[in-house]
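Only one chain is shown below, in structure tokens, and it's the form predicted alone.
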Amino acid sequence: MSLDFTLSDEHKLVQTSVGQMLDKFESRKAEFRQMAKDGKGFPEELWQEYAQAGLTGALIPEEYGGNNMGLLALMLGFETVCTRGFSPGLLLTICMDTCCIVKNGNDEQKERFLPKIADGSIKFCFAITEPNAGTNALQIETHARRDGDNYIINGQKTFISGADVADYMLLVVRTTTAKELKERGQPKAYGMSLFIVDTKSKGMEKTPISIPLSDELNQFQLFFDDMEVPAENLLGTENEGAVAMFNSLNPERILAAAICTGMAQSALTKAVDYAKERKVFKDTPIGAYQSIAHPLAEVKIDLDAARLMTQRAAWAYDTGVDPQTVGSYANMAKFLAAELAIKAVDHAIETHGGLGFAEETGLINQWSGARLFRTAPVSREMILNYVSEWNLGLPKSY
């Protein structure tokens, strides 16, 4: 299969239409940042515009109310949102959850949730991380026990984005404990299950985690105390949730890369515009000085490389390239883009000098967000482990 691609007119139209949609909100970016900072959630008005632009339905088949325009079109939309200095909010997790429901849900679940995701009337978050199981998801301890027509869930999660805004969450638990696996000689990946959970369920407690990322969603610790979830909300087959979950990780990493390339473009544009106008010595703009120009030129080179890698990963996913190849592209794209975002924002701050630390430029907020993506949703070290093992054939180190 050829691995060459070009952006179609339809793909370019996504970039144009999303950009035009954002024009009406240009003067309200500071307001939206403050809403997140004050813990007042994500602006519903902007969310509905995302839905109208087709972003929430991009991975949903037309029979369930989506437009099925694909991951490449969606990542271009993500990049445009971030290039313009906006936050995609819950779009990253809701698209990841959508992939899970499309690929693993039964007909009733698809009919119940997908149309409402597509039209923006419900939002999803994703809950997997635990205090004792961060990068190693197979170590999670939150447990679900079958009790008649329900499952009883006990345990906790941490760093769950947007749990205050989402209507539902895709919750990853164990239905077979690690101890039971050891006794039975079963593999570690067995025994995980996925549930669609109402975020207002009785027995769930949400505790905010203070993280000064004003452009991002609020983070929460979640505690489950005999929380009941209907058995009909089990997504896929009991004990086989690991396969369903990992099917969604490639899109998540590709979209995270798109967020990073968008942030990098936003920072680069600010830096270049400022460097063309700012004068310090004589009548020469600072952009004429190589100490300013060359770092920005490097960012431009790296940006084009990261953007192409991200587009190729999304295209490969859409065209049915095997998951391992897509996984390699997705991990490489996320690695390149996350490192680039930090570099781009840092050079933009240097270009602005003291003004780079002023809230009005928005660069410090962008730096915090960019630095987050080096660690999440998958750390650079785990990506390097993946490439070492799967692309270079080196022995597994962990």
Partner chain sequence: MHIVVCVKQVPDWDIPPSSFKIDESLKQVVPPPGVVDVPSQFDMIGVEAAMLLKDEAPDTKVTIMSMGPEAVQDTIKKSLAMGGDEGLLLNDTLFEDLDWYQLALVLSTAIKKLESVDLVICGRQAVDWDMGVAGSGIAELLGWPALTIGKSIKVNDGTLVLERVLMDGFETVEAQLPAVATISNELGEPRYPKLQQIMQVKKKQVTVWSAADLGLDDSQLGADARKMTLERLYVPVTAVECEFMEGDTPEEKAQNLAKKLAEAKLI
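Quick caveat, the model's predicted, so the values are computed rather than measured. Positions refer to the first chain, counted from 1.
Below: the form predicted together with its partner chain, not depicted.
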Can we say Val14, Ser17 and Asn67 each have a non-hydrogen atom within 4.5 Å of its partner chain in the model of the complex? yes
When its partner chain is placed as it is in the model of the complex, which of 27-35, 57-65, 346-354, 359-367 ends up with heavy atoms within 4.5 Å of it? 57-65
4.5 Å heavy atom contact, Ala53 and its partner chain in the model of the complex: yes
Hey, in the model of the complex, does Glu381 get a heavy atom within 4.5 angstroms of its partner chain? no
Val387 versus its partner chain, in the model of the complex: is there a non-hydrogen atom within 4.5 Å? no
Is the gap between Glu339 and its partner chain in the model of the complex 4.5 Å or less for some heavy atom pair? no
